[in-house]
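Next up: just one chain, as structure tokens, the form predicted on its own.
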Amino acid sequence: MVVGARRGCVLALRRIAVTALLAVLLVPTLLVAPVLATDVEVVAQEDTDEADDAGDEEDAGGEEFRGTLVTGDDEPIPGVIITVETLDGEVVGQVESDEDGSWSQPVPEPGDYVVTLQADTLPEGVELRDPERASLETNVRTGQERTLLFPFGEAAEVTPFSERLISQTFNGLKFGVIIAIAAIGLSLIFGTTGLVNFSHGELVTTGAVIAWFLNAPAGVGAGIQLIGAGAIAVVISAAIGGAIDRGLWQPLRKRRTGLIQMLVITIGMMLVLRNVNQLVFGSSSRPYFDYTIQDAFVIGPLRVTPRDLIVLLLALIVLVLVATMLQRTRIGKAMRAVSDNRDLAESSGINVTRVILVIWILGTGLAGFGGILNGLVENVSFIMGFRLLLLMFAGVILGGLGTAYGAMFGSIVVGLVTELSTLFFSTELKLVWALFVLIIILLVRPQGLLGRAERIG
């Protein structure tokens, strides 16, 4: 009866934690989702111009619209006037494209704007591919440099569905393994301590920010090549995780602090880490200084850059190594034993405190590595980890709470669903479809895809 009561308490706490998770994260996600993708054609900005970065930091919040005007033959289009207005028609600014076709216009604050290209200023013989898209209604987040694309020339050929399917499957797998690497520590920490760590996303950001400063040229950072910078950043992230457990969580566990109180502490830690990252790194998103621009090569119907292929291979190798460690090594078996039944593991001679410390070191090191990979695929920003947090939780819950293998598998499913949904629906809804699949699977298997059903009583 005592065992049944204890299991009932654990399951009740899990339900409370999951409910709190969805309640806290779903609202900001729905608010952010329209910002993540709009009807405007937006491309990822990979600007290596240090002067532009310095100019962005001088702006109040760093928000701006920018782009490069080129013809279908990649010839720059100078002298074109672009106007930025609020939705009420108030002109925020007007800019003219330079000799390289580049333009940028800062805005005073985040929000919705209308960006209009003055078609009558285009040179003779140059026309917009779609004249109705001369005015684009879009928005900008805090510290964001939003790049807009105005297509010129004849309409592009429609890519066959089969090629788009292969491309999005590759993108989904790449995105999924990045989420998986970042989510392993989150799952192991919950499995061994029952703690829902809302600050885990900021640990992802911290790893990426450390690697950025180590990779930045001398005067700004250490000027270390990205491979070395990434390795050092992972070690530092792991050390931070160990220090957090030794300095904060171990004393709280000894005092038998409740899981709800500890959950609130993780929210406070999340806010502290996010503001520290913003203070140190700034509000603008920036790429690493290595491998920013690469030519894509063709593998059958798939066009992929060497950077994306390396990110996928590195992530898969790390996932295999982690799985091998959990399955074959002594410490890995101890981790799984503590995750399955902490009391039984402790009674059999396993040092639970030491195992939890190793899990924090491993989990935060992997979180930092996931942030570095995500910063390679996109840009580094102070809020990048928070954007991944919901997807990490979705992967952990989908795969099965507390199991590292479940976190890996569930995260890959989430990544694939997120990217493949864009073949049929707007990109604004891709996070919604990931959550929808999560709900459907949990209705069929409440314990998750790889979780084990438990019987109470």
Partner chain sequence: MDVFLAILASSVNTAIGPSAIVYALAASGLNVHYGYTGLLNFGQVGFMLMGAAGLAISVSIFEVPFFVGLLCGVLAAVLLALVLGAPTLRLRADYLAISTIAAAEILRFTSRSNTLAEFTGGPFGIPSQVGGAGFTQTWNAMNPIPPGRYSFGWLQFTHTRLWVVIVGWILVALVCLLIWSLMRSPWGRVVRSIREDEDAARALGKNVFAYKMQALILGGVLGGTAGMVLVLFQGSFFADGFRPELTFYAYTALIMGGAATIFGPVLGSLTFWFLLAVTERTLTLTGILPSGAGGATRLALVGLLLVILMVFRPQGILGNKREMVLDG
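We call the rigid core whatever largest set of C-alpha positions still superposes within 1.5 Å between the two forms. Residue numbers count along the first chain shown, from 1. Since the model is a prediction, treat every value here as computed from it, not as a measurement.
The same protein also has a form predicted together with its partner chain, omitted here; what follows describes it.
- Here the chain stands alone, but in the model of the complex its contact with its partner chain, taken as any heavy atom within 4.5 Å, falls in 261-269 among 360-368, 313-321, 261-269, 328-336.
- Of the candidates Q278, T138, S199, N171, Q278 is the one whose heavy atoms come within 4.5 Å of its partner chain in the model of the complex; the others do not.
- This chain lacks the partner; the member of T305, Q225, Q118, T71 within 4.5 angstroms of its partner chain in the model of the complex by a non-hydrogen atom is Q118.
- The closest heavy atom approach of L416 to its partner chain in the model of the complex falls outside 4.5 Å.
- Interface membership of F150, defined by any non-hydrogen atom within 4.5 Å of its partner chain in the model of the complex, is ruled out.
- Although the partner is absent from this view, K254 stays clear of its partner chain in the model of the complex, with no non-hydrogen atom inside 4.5 angstroms.
- Taking the partner from elsewhere, E85 is found to have a heavy atom lying within 4.5 Å of its partner chain in the model of the complex.
- Taking its partner chain as it sits in the model of the complex, the stretch 411-438 comes within 4.5 angstroms of it through a non-hydrogen atom at S426, E428, L429, L431, V432, L435, F436, L438.
- Once both forms are fitted on their rigid core, the CA atom of L226 lies less than 2 Å apart between this form and the one not shown.
- Once you line up the core between this form and the one not shown, the Cα of Q105 ends up 2 Å or more from where it was.
- After superposition on the rigid core, displacement of the C-alpha of R133 between this form and the one not shown amounts to 2 Å or more.
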